[in-house]
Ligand code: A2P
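Shown next as structure tokens: one chain only, the form predicted alone.
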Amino acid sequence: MRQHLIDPEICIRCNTCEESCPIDAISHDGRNYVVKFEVCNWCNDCLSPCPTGAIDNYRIVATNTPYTLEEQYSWNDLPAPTEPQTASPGVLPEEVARITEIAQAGQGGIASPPWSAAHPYVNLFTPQKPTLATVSGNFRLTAENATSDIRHIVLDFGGVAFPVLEGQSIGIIPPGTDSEGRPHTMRLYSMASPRNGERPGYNNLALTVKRVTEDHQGRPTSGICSNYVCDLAKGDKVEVCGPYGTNFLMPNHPGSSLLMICTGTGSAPMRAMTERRRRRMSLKEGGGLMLFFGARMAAELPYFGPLSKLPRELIDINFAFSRVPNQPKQYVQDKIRERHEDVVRLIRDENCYIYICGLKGMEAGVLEAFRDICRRHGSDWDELLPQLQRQSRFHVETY
């Protein structure tokens, strides 16, 4: 089991954890703050008040031999892990676990994050205890005459600590009830801004949200949460949960490169990662970016204008448009095949990490393109894929 622990090395003894624990699972002496294994139920009430993150730690232990209070009181730092560790989300909401399982099926189940990824904070706010954010911006990304209405939404958290990383998601709860009188369930949206916010130095973040007006079969429908979010006005208050996500994270290693493949609003995490790298260009970290981005046409492609202005030395961009009048249909897998030499080089590069995000319908075509170009260059994709998975270099989130 996970045993909740407090890192004595960075704890500043502010007592917020003990004060916020509703079940008296936390205590202290003149040296350390500690957590009682048999009392803690992972309610996570103590996580968000902690100013240093010392409270957000754990170790995998046998249930009959957890670390005792006496051991915890004696520590100068946390003991080294003896079992594989993942982020400590407590009990995730059922809808988050279900959506995540579906989204990550294409990567062969839950994957580990890149070895150099920053530590993610998760599940700080739940559907039972959400936080409030204020809308500070709502900008339409697609042309007014485009079929798709895709919005760039900026949320400000004011004085509430809401730490996020590129590749994570947040949950939004639309107000009201369904036809049976039950409160609407939470929906997940990927972050479109880097870890230091849409505006650096401000406690905010951005989302990329498409107004849903039809289902995947083209039948008219109205997405409850997407329409709610797309209609938000500046100054509106929104109930937010999360953050969520422990593996679709970008590497911090400065020599790492990213191969990013997306369609539509699947561009959100790619935009966050790209913006993170753009803001650090002056550091000359060395790792390159390569992006394959698909849409029906340029007018329906989010961030088309800003992407077109990014310097070539930062990112290699390949657009694929499938519905341009008098032009042959092109999909991301077609562009991947066109750039086969560069793509296979990146697949073989142990410092390159692959990210796929968008509609689930794109997934099979992309994987088949990888299989084709590997075969063309004397490799076997089906042999390479398990290696990528073991190295935490292959990450998929499709819906």
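None of these values were measured; they are calculated from a predicted model. The numbering used is simple: start at 1 and walk along the sequence shown.
There is another form of this protein, the form predicted in complex with adenosine-2'-5'-diphosphate, and it is not shown here; the text below is about that form.
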Which one of these stretches, 320 to 328, 185 to 193, 227 to 235, 131 to 139, sits within 4.5 Å of adenosine-2'-5'-diphosphate in the predicted complex when only heavy atoms are counted?
-> 320 to 328
Exactly one of 362, 356, 336, 35 comes within 4.5 Å of adenosine-2'-5'-diphosphate in the predicted complex through a heavy atom, and that residue is 362
Sole residue of 296, 276, 152, 211 within 4.5 Å of adenosine-2'-5'-diphosphate in the predicted complex, by heavy atom = 296
4.5 Å heavy atom contact, residue 267 and adenosine-2'-5'-diphosphate in the predicted complex = no
Partner contact for residue 256 in the predicted complex: adenosine-2'-5'-diphosphate, 4.5 angstroms, heavy atom = no
Counting only non-hydrogen atoms and a 4.5 angstroms cut-off, does residue 263 reach adenosine-2'-5'-diphosphate in the predicted complex?
-> yes
